Each structure stands twice: as structure tokens, then as C-alpha cells.
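First, one chain by itself: the form predicted alone, in C-alpha cells.
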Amino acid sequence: MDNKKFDVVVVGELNVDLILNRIESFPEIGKEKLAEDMTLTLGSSSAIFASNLSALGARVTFLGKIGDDYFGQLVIDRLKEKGVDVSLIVRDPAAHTGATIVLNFQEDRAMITYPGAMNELTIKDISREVLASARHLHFSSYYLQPGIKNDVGKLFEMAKGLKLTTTFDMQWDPAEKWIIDYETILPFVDVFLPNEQELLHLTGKATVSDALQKISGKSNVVAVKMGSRGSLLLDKGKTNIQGPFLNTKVVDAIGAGDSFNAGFVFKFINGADLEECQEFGNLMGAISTTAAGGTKAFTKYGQIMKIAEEKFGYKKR
């Protein structure tokens, strides 16, 4: 173990999720629908990742912006409950904390997000000293952070210059334009973590193999999340398909991809080989689906591994 204060610094967006489950049907203009269940919880890809990674036992700090409001305090409280360091989070009294409304209907979902303070984070908010306090940098939700997205390449380049390892999950583009200078960013990313649809949209290709071929030469390791079909890992031209841990009683799939990221990075920073990282990522993604909201299944390492063994037959290595 080195003398770094943190294992991982997460730079990203912060918001709450208002989740409506067991709804009659999706909304229709001029009509009112009922939901039988509601959850207000910590949202955002970056925060779910940080929360679940901390619950696994990593030392995690978070750098982002929130408003000085009730939702902002909820974000702070939930991160602190999971052991995430919140000293770097900026509370901006001129902004409102973002919120996402999530409608879950059977196996489908629809979301609408108010970005709020997540628009305001810029590269000027991130110092070399902050990055140097950690061993690893994770950045998520490129398209939801207009204040910093054009400088993400600089962020990763700065991190690599400070000898950090790095991971990047670009997430979905709400505008569906998929404009990103990945040729500049990916050379400084140790592991790129898109899901299948995001990768296809990014590259404009019809198959994962063609998409990976297009970014080869720019990317290092790529781990592609494929939902109930598991994941695919590309490393030095070789691929490995890892089957899923299937949950037959899914509560919801919110945060499953972020939980995959948390499992993968947890093993990665602890020196595991990439295929073990991939398998553990699949496992954490499955565990996420056993409770609502993306973080409720993640308490402490021992309890998480108890779920892994009892529900998925996984034996600790």
C-alpha cells in the first residue's frame, strides 16, 4: 500500500433520483397515472459508483458540485453513510442540486433529468494536488457535464502524468449526437467502460466487434457491459466474454452498470487480473438488481458477499 490518502477520486455529476415503481403504464398527455411505490434516493452514475465502491472497502473521495439545498444535503448524507469522503464537494448557493425522475414499467424505464449544479463543474475546480491524493481517477457521465466535457482529455492526461490509473464511463447522450473526441481522451484511459448501446452509438457501427475495431489503436482496455448477456473485455486485441450472474427476481436495474464499474475498479485497484475484474463487475451489477435504486444492496463488504454467495453461488477468492 502506498501513502496516498485515497484509493479513488471520482469526478462527476451529483443528483437525486425520484423513482416510481409499479406504475400502471407510461404517462400520456392529459392523463394521470398511479404508481404503487416511490423511492427518493442518491442518484447519478458517478455517485452510485462512488457509494458502492466505498461499501466494498475502497477509500473514495468525490469531487463535484451541488446546490445549497435539501437535495444537496441528501446527496452529502447518503455518500457519508457509505463512507465516501465529501470534503471536495462544492455547495453552490447560486445553483440547485440536480434531480432525475425515473419511471419503471415492467422491464422498461423512462427518465427525465434536471441537471442543475452538475452543469457548473469545470476543469478549474480540479487541482493537481487533489488528483495526486489518490491512486485512481474515475470519470463518468460525459454528456451531462457541459462545463468540463471539453477538458476531459486534459483531466485524464493530468491524472496519467501524476501516475494515477484511470477509468472512464461516458454514459448515454441525452441529445443522441454522440460527439466526443475519443481519439484524444482514450489514450489516457486505462479501462474504458461503455455499455453495448453506447459503444455502438459512439462509433456508428452495427456490431460490437466493428465498434471495437474502430476504436482500436486509440483505446487501451475496453470492458463492454451487455446487461443480461454479461460483458465483453478487449485487451491487447484479445476478447473475453464473461457470462452473467442472472437474478430471476429483479427489483430494478438502476445503477447496475455503475455497480459493474464499482466491482471492476475494486478488483483493478487491488491488483487482480482483468478477467477477475470483469467477473466481479458482472457480479456487482447483478447484486445491484436485488434492491431498489442502485445503492441499497450495498452495505458492507461482508453483507455484499453474503448476497453474492446466497443468491448467485459466488465463492470469495
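Note that residue numbering follows the sequence shown and begins at 1. Keep in mind it's a predicted model, so treat the numbers as computed, not measured.
There is another form of the same protein, the form predicted together with a small molecule; it is not shown, and what comes next is about it.
Asker: At 4.5 Å between heavy atoms, only one of the stretches 219 to 227, 119 to 127, 93 to 101, 183 to 191 reaches the small molecule in the predicted bound form; which one is it?
Answerer: Stretch with heavy atoms near the partner: 219 to 227.
Asker: I'd like to know if Thr167 sits close to the small molecule in the predicted bound form, meaning any non-hydrogen atom pair within 4.5 angstroms.
Answerer: Flag for Thr167 set to no.
Asker: Any chance Ile269 has a heavy atom within 4.5 Å of the small molecule in the predicted bound form?
Answerer: Judged by the heavy-atom cut-off of 4.5 Å, Ile269 is well away from the small molecule in the predicted bound form.
Asker: How about Tyr142 - does it come within 4.5 Å of the small molecule in the predicted bound form, if we only consider non-hydrogen atoms?
Answerer: Judged by the heavy-atom cut-off of 4.5 Å, Tyr142 is well away from the small molecule in the predicted bound form.
Asker: At 4.5 Å between heavy atoms, is Leu246 in contact with the small molecule in the predicted bound form?
Answerer: Output for Leu246 is yes: heavy atoms within 4.5 Å of the small molecule.
Asker: Report the residue, out of Ile66, Val60, Ala286, Ala55, that has at least one non-hydrogen atom within 4.5 angstroms of the small molecule in the predicted bound form.
Answerer: Answer to the contact question: Ala286.
Asker: Could you tell me if all three of Asn15, Ser44 and Phe71 have a heavy atom no more than 4.5 Å from the small molecule in the predicted bound form?
Answerer: Answer is no for this spot.
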